[in-house]
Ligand SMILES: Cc1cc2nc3c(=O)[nH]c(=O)nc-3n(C[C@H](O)[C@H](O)[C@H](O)COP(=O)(O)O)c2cc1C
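So this first bit is one chain, no partners, the form predicted alone, shown in structure tokens.
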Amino acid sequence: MNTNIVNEIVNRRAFRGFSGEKVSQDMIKRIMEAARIAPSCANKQPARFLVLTDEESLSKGYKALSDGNYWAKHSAFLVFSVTKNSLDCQLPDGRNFAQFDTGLAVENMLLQAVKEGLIGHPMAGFTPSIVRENFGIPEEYDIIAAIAFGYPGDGEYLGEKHKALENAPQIRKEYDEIVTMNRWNL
């Protein structure tokens, strides 16, 4: 089924084995530019990003990660995706697009990272209050995800569980389990 899908989509995978090698500022800018040009409701562009590249900032960012995300400390740079509801479309029926549109921007980043030969791994396992405190993010903003980026490595520092996941086949639900045509039947 994947034969005619864009290579970056097919090849994107949230590996954990980073090499620790630095990533150029030009490459980081291209990844962030991919986020900037993502689609959004009425072109409101609600996504905001905190990009951590130097040792001091990375150290502060890594402190927010859960223990299970220990492997992200080997990444070259870390990004926190941030938004607030008032930055995006507020529909009369209560739907709010800020987090959806921020997710679209993150996906653009992940696909650009694949094109650049990098791994991008989004994480929910972090403490937003630590990020907020360490970097001065106001309370009205939602800190949605942490994304670790870097070159792939051998992952020698990974625990057994994560080593097994690195080499496990990528399993996705079958097409008919997630897509219904012309009527709801899932």
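We number the residues from 1 along the sequence you see. Predicted, not measured: the structure shown is a model, and the values here were computed from it.
Heads up, the form predicted in complex with the ligand isn't pictured, but that's what we're talking about next.
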Review point. Is R172 close to the ligand in the predicted bound form, meaning a heavy atom pair under 4.5 Å apart or at it?
Key: yes
Practice item. Indicate whether the ligand has at least one heavy atom within 4.5 Å of a heavy atom of K163 in the predicted bound form. Key: no
Practice item. Classify H121 as contacting or not contacting the ligand in the predicted bound form by the rule of any non-hydrogen atom within 4.5 angstroms, answering yes or no. Key: yes
Review point. Should G159 be counted as a contact of the ligand in the predicted bound form, where contact means heavy atoms within 4.5 Å?
Key: no
Review point. Just one of F97, F80, W71, F77 has a heavy atom within 4.5 Å of the ligand in the predicted bound form. Which one?
Key: W71
Review point. For the chain shown here without its partner, which stretch in 48-56, 150-158, 35-43, 121-129 has non-hydrogen atoms within 4.5 angstroms of the ligand in the predicted bound form?
Key: 121-129
